[in-house]
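Quick heads-up: it's one chain on its own, the form predicted on its own, in structure tokens.
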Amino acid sequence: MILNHQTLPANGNINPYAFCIDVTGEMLIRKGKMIAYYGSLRFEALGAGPFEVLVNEVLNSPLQARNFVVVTGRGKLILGDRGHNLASYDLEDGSLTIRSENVLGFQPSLACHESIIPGYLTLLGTGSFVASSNGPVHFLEPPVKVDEDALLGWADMPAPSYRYDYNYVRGALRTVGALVKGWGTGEEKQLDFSGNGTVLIQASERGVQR
């Protein structure tokens, strides 16, 4: 099927690996993730002219500001991320912490802050965002322990704590070759989630490759 501006979905997946955004105002997207667009769209760096306020009020993360651009105008914007799965998520007066490298775009109605956990961003408020994952995303209810490499993020709940399986560590140290093949796996160390909320995991222990 050949797509055009009339047949593209409005804010939906074209397939599991490409997502179309119906831009009617402003949108923040990660640099390098636009693969095509229809209409009259402009791409400008954050902090340039009138968009300086977005750095202070929306993307409250100086280290991440250089990784995003502002899209303005009207048109259909197609995002892709090296063949990884893409999906849109909605927040309603909520809080979701997600791997920073997986955030591809979000509405300026959401405030984006650096998480206290290195490598993660926290999105706050009401609005939509697009994220990539290595395989489909599954939603888990806590209490649950998760392999750190498979974790995508968590919503409306406190940050996790680390849990070490010392029985596994002791056994690994006694096993020939375990220091090479088994060290640093989810069997040795997990992230422990408790309380109310939702945990998002990827269907793979390999993160999105950059």
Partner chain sequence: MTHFRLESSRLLEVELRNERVMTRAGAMVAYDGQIKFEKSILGGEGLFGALKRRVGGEGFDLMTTSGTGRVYIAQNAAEILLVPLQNEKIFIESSSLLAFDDGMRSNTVFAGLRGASSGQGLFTTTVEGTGNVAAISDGTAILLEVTPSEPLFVDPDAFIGFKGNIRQEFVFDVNWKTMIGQSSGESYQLKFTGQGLVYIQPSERR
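Owing to the predicted nature of the structure, the values given are computational and were not obtained by experimental measurement. Numbering follows the first chain given and starts at 1.
One more form of this protein exists, namely the form predicted in complex with the partner chain; it is left out here, but the text below deals with it.
- Looking at Ile78, you'd find a heavy atom of it within 4.5 angstroms of the partner chain in the model of the complex.
- Remark: Glu26 does not count among the residues lining the partner chain in the model of the complex, judged by a heavy atom distance of 4.5 Å or less.
- Although the partner is absent here, Asn196 is not a contact residue: none of its heavy atoms lies within 4.5 angstroms of the partner chain in the model of the complex.
- Pro158 falls outside the set of residues with a heavy atom inside 4.5 Å of the partner chain in the model of the complex.
- Residues from 1 to 29 that approach the partner chain in the model of the complex with a non-hydrogen atom closer than or equal to 4.5 Å are Met1, Ile2, Leu3, Asn4, His5, Gln6, Leu8, Ile14, Asn15, Tyr17, Ala18, Ile29, in the order they occur in the chain.
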